[in-house]
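What follows is a single chain, given as structure tokens, in the form predicted on its own.
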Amino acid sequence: MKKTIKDYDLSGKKVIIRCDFNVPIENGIIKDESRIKKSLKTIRYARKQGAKVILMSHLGRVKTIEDKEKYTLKPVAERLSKLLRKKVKFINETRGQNLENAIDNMKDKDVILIENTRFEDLDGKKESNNDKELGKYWASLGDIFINDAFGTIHRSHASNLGIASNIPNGLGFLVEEEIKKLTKLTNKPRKPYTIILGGAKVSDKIGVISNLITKADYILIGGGMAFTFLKAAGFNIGSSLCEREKLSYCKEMLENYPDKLILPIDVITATEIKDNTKTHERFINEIEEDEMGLDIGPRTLEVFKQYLDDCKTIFWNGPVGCFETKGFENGTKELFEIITNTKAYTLVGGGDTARAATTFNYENKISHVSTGGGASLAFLEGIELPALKIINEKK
């Protein structure tokens, strides 16, 4: 078993906590703070134990100097201050004398948030490529490292793998809970077990489809990825999203598992992705050349419901439509209604699906909403998670 924050004496120690504050921010306003709130338990515990708390996180993908203004963590520091009822000192740098002085001057229970770790990506992608010197430098700022960012547990970054390679380390409460909940899906899940997969690309889901097709009873396919499967099945999909390089894979899976892979039978189409644009309800053999499918239709929901009603375990990753756009939100919203009215253990895999759960107020009706979309898929695929593997084992 991996060490956790509870395995260390934190009193007077400088504790670096890698959080996942990768939240949507528009014009300085946080649109969904659920990831911030889920980090509070670990932060509060560290403070209660008398630690000097140093918080780190990435936000967005920083590719240009202009991105630095857009992806600053300052709004997160301000919101954290209110949630913790404690001033969180924000350091708008990722390294340097100002940062080091601020940490040296910390008192027990103080909290500092360091600027977006991906600002280091502007100089040779040092964060994302796990630059060894950067990992060593960040590790030198603390005594103990706690990884509480499940959303990046499958990545080899300087702010997780790099730091953990240099100082004593453990898991935070959020990551510990994520692993416990996801293990329910890998360790003899209760049957019937149905998986819902959506999102844009088949390529993002190949690993989980191939690994779980023999373990799950059914896999229901929606979202943009459904149209690559439909094209492989011989349907005209108009101008819908299609990964042509994955057509042979989809065709092979449909031939090998015709009774397990369940595709939409009708979709909502339009000629553009725009709020309240003119839409059409089409059977999948009726899609016109200039139309693209942007949501599953009502008859597909009826079919999916038949597979879900008696399930004991349901895992869902990827919205089944463009839920952020008015006119294409119904499929995702109604699917939440269906699964929350079953008696199944329901787990939603992070990212856009978690955001949809929050948007439609179903977050508290799901057994577990993961904070990591790609991380949850990687875990279920059974592939190695570098930032988890590096964590010290209990003796």
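Residue indices: 1-based, along the sequence shown. Because the structure is predicted, anything quoted here is derived from the model rather than measured. Rigid core (definition): largest C-alpha set, two forms, superposition within 1.5 Å.
Quick note: we don't show the form predicted together with ligand ADP, though the next part is all about it.
For F227, a non-hydrogen atom is located within 4.5 Å of ligand ADP in the predicted bound form, even though that partner is not displayed.
The closest heavy atom approach of K126 to ligand ADP in the predicted bound form falls outside 4.5 Å. Within this chain, N317 lines the site of ligand ADP in the predicted bound form, having a heavy atom no more than 4.5 Å away. Proximity of G349 to ligand ADP in the predicted bound form falls within the 4.5 Å heavy atom cutoff.
Looking at 321-329, 80-88, 118-126, 93-101, the stretch with residues near ligand ADP in the predicted bound form, meaning non-hydrogen atoms within 4.5 angstroms, turns out to be 321-329.
Put simply, of G199, G170, G297, P189 only one has a heavy atom within 4.5 Å of ligand ADP in the predicted bound form, and it is G199.
Between ligand ADP and the residues M106, I206, L241, V303, the one pair within 4.5 Å by heavy atoms in the predicted bound form involves L241. Superposition on the rigid core between the shown form and the other one places the CA atom of I146 less than 2 Å from its counterpart. Positional change of K184 between the shown form and the other one stays under 2 Å at the C-alpha, relative to the superposed core. L230 is among the residues whose C-alpha shifts by 2 Å or more between the shown form and the other one once the rigid core is aligned.
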